[in-house]
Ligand SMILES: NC(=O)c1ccc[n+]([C@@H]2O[C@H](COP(=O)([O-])OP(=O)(O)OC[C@H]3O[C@@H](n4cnc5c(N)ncnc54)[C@H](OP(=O)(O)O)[C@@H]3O)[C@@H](O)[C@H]2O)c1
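Form predicted alone, single chain, as C-alpha cells, below.
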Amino acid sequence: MSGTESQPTLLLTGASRGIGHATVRLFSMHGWRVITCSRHAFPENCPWPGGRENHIQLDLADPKSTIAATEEIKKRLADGKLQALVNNAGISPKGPDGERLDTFNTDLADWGRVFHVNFFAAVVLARELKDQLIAGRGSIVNVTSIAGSRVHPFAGAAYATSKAALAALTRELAHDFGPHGVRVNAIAPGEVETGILSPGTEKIVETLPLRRLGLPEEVASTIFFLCSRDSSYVTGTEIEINGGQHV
C-alpha cells in the first residue's frame, strides 16, 4: 500500500509477531499505511499489501542505527506527516534454562540492551520524528507491561524496570507534546497469547478475574482506539489490558 496525502501513516516497532502483527493487520484493514520496524527481514507470508516497501530492518538495540533509521523514515513520509507512532518492540532475556533473571544475575550488558530496545528507542523516535508527528497531529502509544508495576514471576528485572521507565516517559512526553496537539498514551498488557509466553502462565490465568489469556487482536483494538479521533481528549494515561490481573 503506497502512502498518499489523505492516507494516515503508522510507524510501528516490533511488528513481526504477536501484538505487533495484529496491529499491522488492524490498521491496514482500516486503510492506514503502516511502516514497520523490526530486527527481522520482512516475512514473505505477511498478508497485507505494500509490506515489503514499507518495512525497515533495524536493530533497536543499536542507538546509532536507530537514529540513522529516522532519516530513512522521514524520506518515506512524502507529505512530512506521521499520524501515529507505536513503540511496541520489547525484549526480556532469560537464563540458560529459561529462568527469570533478577537484579543480581542479569548481566550489565543485558541491562543496557534491554533499555535500548524497550526504552531509549522510544525516546529517539519521539525526538527525531517530533516535527512529523506535530504536522500529522499524531498520537504516540507506548506498549508497557503489567510487569512495570509489580514483580512478575516470569518477566525479568531489566524488562520490568524498562517498562516502568516507559510508563513514566509516557507522562513526560504527554506533557511536552500536548501543546503541539500530539497525544501520548500507553497500554499495559498482561498475559496475552503470543509466542513469548513462559511455561507456567496457565497458573496465572487461573487467578485472573476473566480466567483466560488476552488475544493480540484485543490489544491491537485498544492501540487503534488511542490513535483514532475517538480518543481525541485522552493523553498521558496508561490503559491496563490484562483481564483484571491488576485488581
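What you are looking at is a predicted structure, and each value in this text was computed from that prediction instead of being measured. All residue numbers refer to positions in the sequence shown, first residue = 1.
This next part talks about the form predicted in complex with the named molecule, which is not shown.
Checked against the named molecule in the model of the complex, the residues Leu82, Ile140, Leu125, Val117 give one hit for a heavy atom within 4.5 Å, which is Val117. Contact with the named molecule in the model of the complex, defined as a heavy atom within 4.5 Å, holds for exactly one of Val182, Leu26, Val192, Ile204, namely Val192.
The named molecule in the model of the complex is approached by Gly90, whose closest heavy atom lies within 4.5 angstroms of it. Though the partner is left out of this view, Leu60 does reach within 4.5 Å of the named molecule in the model of the complex, counting heavy atoms only.
The named molecule is not drawn, but in the model of the complex it has no heavy atom within 4.5 Å of Leu11. Residue contact with the named molecule in the model of the complex: Ser16 places a heavy atom within 4.5 Å of it.
For the three marked residues, Gly20, Ser145 and Lys163, a heavy atom of each sits within 4.5 Å of the named molecule in the model of the complex. Partner proximity in the model of the complex, defined as non-hydrogen atoms within 4.5 angstroms of the named molecule, places exactly one of 204-212, 27-35, 174-182, 60-68 at the interface: 60-68. Counting a residue when any of its non-hydrogen atoms is within 4.5 Å of the named molecule in the model of the complex, there are no hits in 92-115.
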